[in-house]
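A lone chain, given as structure tokens: the form predicted on its own.
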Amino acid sequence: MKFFNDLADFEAAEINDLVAFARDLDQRPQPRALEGKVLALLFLSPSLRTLASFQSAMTRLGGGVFVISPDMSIHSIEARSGIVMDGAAAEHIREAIPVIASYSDAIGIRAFAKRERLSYDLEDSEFRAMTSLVDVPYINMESAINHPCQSLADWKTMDDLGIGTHGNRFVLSWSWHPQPMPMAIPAATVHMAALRGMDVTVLRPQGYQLPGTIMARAQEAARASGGTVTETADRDEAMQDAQVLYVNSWTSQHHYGDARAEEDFKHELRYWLVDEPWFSPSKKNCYFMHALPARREVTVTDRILDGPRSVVIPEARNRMLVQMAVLHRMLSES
């Protein structure tokens, strides 16, 4: 495996194999599998689970890891192209990334969307430019429009819960958040559930439709896998017989790059707070999933997040396990 950038790069059977391998590594550890290997982690965006889970995964396999972040005692890094560097930044990303990669056997890169131009972020332009600078295997730890590590963990979480693929209903719902949020997780999640062959519904208020390119990609995956993808603002319709309610927040494409307009537009939408009545239309045991961090009593109530529906803690632990599988496949034979 030379890179882990997108679940679309794999067949469903290959994803299932990775998930099975992750389960095997949990049950039968291999503490010396990556002895002598080094993983570099470049964080251009903040993290808790991604940082900790990759460090733990590499350590449990016997390898070494180092972390680089502009917030961790290094000088500031310039990422813009064609810039005259007479400001605060002392180094350009075009030198920094190849140097960091040269110290490692693989590199993970995390760089959120700039949320200035939607077309630029939908093309994942910045992440593509960064990965073009490395000649070692790389991992997408979240880019402008994708989060494959989270999606692989979510795939395993649903398998662990016994939620199958075809004919099972998966709801991806928008919820209120005080800040404009990127589209990486919703884009990756709707595609992941469609790739599993599930019947996927995107639940969102008017004005928060996902961009056409994201929906078209998910619908193409659904056609290939035998699933469906629809979109609605009707909560009861969406939740009918749902087995998973996966919650995230994303910015409106109509106000992309304009935080003030976004804030004004969603002012009356604070009632999009996930609570027990959301689940009443489902006649099945419907689980609550969230990539975390979650804003308590803003995005979801305490009684849901702390209650029996919530699987957010095992979901987060699965990040470590599936990343162990990816790292093992990427580095054990290199």
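The numbering used is simple: start at 1 and walk along the sequence shown. What you are looking at is a predicted structure, and each value in this text was computed from that prediction instead of being measured.
Not on display, but discussed next: the form predicted in complex with a further copy of the same chain.
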| Within 4.5 Å of a further copy of the same chain in the model of the complex, do we find a heavy atom from each of Gln55, Ala88 and Arg296? | yes
| Does Lys37 reach a further copy of the same chain in the model of the complex if we count a contact as any heavy atom within 4.5 Å? | yes
| said: in the model of the complex, is there a heavy atom of a further copy of the same chain that lies within 4.5 Å of any heavy atom of Leu305, even though the partner is absent here? | reply: yes
| field | Close approach of Pro281 to a further copy of the same chain in the model of the complex, 4.5 Å, heavy atom | value | no
| query | Is there any non-hydrogen atom of Gly257 lying within 4.5 Å of a further copy of the same chain in the model of the complex? | reply | no
| note | Of 121-129, 203-211, 103-111, 220-228, the segment with heavy atoms within 4.5 Å of a further copy of the same chain in the model of the complex is residues 103-111
| field | in the model of the complex, residues of 20-51 near a further copy of the same chain [heavy atom within 4.5 Å] | value | Pro31, Arg32, Glu35, Gly36, Lys37, Val38, Pro46, Ser47, Leu48, Arg49, Leu51
